[in-house]
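Before any questions on how it binds or moves, here is one chain, the form predicted on its own, in structure tokens.
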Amino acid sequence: MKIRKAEATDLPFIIEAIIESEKSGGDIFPYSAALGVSISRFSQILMDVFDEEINDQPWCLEHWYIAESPDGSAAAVLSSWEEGKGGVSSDMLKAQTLNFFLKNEWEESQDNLKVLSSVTIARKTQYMQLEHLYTHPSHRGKGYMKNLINGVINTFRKSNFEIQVLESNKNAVSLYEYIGFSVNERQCNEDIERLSLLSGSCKLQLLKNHG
């Protein structure tokens, strides 16, 4: 299995990965649920964001890694960056970006955004983040994601790592714990599931520390 940095030709697969990983094993796409934005429109916005090359947050091509299948097709993908390297949190950069591209929707959805913020877990500065982990359906169950995560960890072997995921995504949580991540923090709000804003009401922060 070959692991490589993503290229511009991988963007359609990356957009698919972002959309599906945001559902976190469920059916709810949070940007549609919270902001009322269709998946097709959000996909186009993501393309525009990637064109801007905003560093230190997940929607920047520089931070993406691909695991290839034997035939050379993209089998699995994830984004990884060092949190806070540029002095601003990745969550703040994403919020600023969405506010720019979706200003009206952002202003009209403050109640939903406030509920979502109740389960926000501050990312650890200087930790390498793993985000939008996604395996193409035709390649699942073949170990691509496990090998991709380990490959990225080996690339930054002296770093600490962080993953955030919904607790309801049991398969993902089990994989991360198998690789050596452990739960560091848990935040819950039942209103999130009641309002159908996310596919679960609890968010986990999992860490894997160097050494």
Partner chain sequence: MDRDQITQELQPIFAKVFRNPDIVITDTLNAEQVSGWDSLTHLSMIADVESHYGVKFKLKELIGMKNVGDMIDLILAKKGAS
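It should be emphasised that the depicted structure is a prediction, and the values quoted were computed from it without experimental measurement. Positions refer to the first chain, counted from 1.
Quick note: we don't show the form predicted together with its partner chain, though the next part is all about it.
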Contact check for 93, 106 and 114 against its partner chain in the model of the complex, heavy atom at 4.5 Å: yes
Sole residue of 72, 141, 87, 137 within 4.5 Å of its partner chain in the model of the complex, by heavy atom: 87
Interface stretch in the model of the complex with its partner chain - options 141 to 149, 24 to 32, 158 to 166, 46 to 54, non-hydrogen atom within 4.5 Å: 46 to 54
Contact of residue 129 with its partner chain in the model of the complex (heavy atom, 4.5 Å): no
4.5 Å heavy atom contact, residue 81 and its partner chain in the model of the complex: no
